[in-house]
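Just one chain is shown here, as structure tokens, and it is the form predicted alone.
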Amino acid sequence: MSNLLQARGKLTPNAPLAPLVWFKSGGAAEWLFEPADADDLAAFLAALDPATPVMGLGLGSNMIVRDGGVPGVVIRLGKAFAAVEQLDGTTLRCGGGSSGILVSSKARDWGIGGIEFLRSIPGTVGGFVRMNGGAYGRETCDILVECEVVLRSGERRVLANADLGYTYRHSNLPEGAIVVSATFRGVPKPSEEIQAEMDRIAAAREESQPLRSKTGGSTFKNPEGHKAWALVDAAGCRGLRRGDAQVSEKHCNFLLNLGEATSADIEALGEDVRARVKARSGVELEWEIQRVGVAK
């Protein structure tokens, strides 16, 4: 990495990732890079050995970092990528590191509706774009106009919604590409109505989800015609444990770290759940949580 030390951002070797992810478990990044701005990121990736793997990290809310850590470089976007600006009466440009709460709150302030659902997703714009994040009947593909990315090669490119091949919780964003900004379009709506909808969403999450726990959010995708939580519950997995890893009793599509669970414990518990659901209902659950890195 000696040829990359001229980068203006912060480059840290052997950087612990557990403090940066919601499960508070897992190993270290071989390198963690926090770029100063998009130009810095582009120059860094252009100079990086093409064989070195690259992974983006947002709030770490939907991720299991395996205990052996993550080889290559993990890119984390900081405050320089968290700005949200209004382009016109219905359109926002949002930095790739801006949170769903910030984006939805700015949209409310500017009377732009249709963005409220982002209030309920604990992540950043980059993750929303990559995973087609969604909740309460809306998805990122419903509001995205275009995004700017830095490709693994260091090339900066603007991709339109149609370029991303969106399906449920999936996009065709190129491997190693980092989303540095996204343009979202909503509809005109009174700010008080937007706030009321955000309040409704917040109350629904508070009532149904284990928000103050070490968790990774929704663990499994909803199979066609089913709710993942209902399949997990029917298979008798509510409260199921493996060490300090537990299926939430409040919402059984959430896994919890009750204290000292390793990432191996959490992932193995998820596989236990998948096996029990398959045996009970014949349905094969697909992971929604990203599982990254190497086992210890």
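Position 1 is the first residue in the sequence shown; the rest follow in order. Values in this document were obtained by computation on a predicted structure and should not be read as measured data.
Below, we refer to the form predicted in complex with a small molecule, which is not included among the displayed structures.
Q: Sort through 101-109, 152-160, 170-178, 192-200 and report the only stretch with a non-hydrogen atom within 4.5 Å of the small molecule in the predicted bound form.
A: The contacting stretch is 170-178.
Q: Residue 217: heavy atom within 4.5 Å of the small molecule in the predicted bound form?
A: The answer is yes: residue 217 has a heavy atom within 4.5 Å of the small molecule.
Q: Are any of the heavy atoms in residue 288 no more than 4.5 Å from a heavy atom of the small molecule in the predicted bound form?
A: Output for residue 288 is yes: heavy atoms within 4.5 Å of the small molecule.
Q: Residue-level contact is defined here as any heavy atom of the residue lying within 4.5 Å of the small molecule in the predicted bound form; does residue 73 satisfy this criterion?
A: Residue 73: no, not in contact with the small molecule in the predicted bound form.
Q: Is it the case that residue 60, even though its partner is missing from this view, gets within 4.5 Å of the small molecule in the predicted bound form, heavy atoms only?
A: Output for residue 60 is yes: heavy atoms within 4.5 Å of the small molecule.
Q: Counting any non-hydrogen atom inside 4.5 Å, which residue from 226, 185, 205, 221 sits next to the small molecule in the predicted bound form?
A: If I apply the 4.5 Å criterion carefully, the residue I get is 205.
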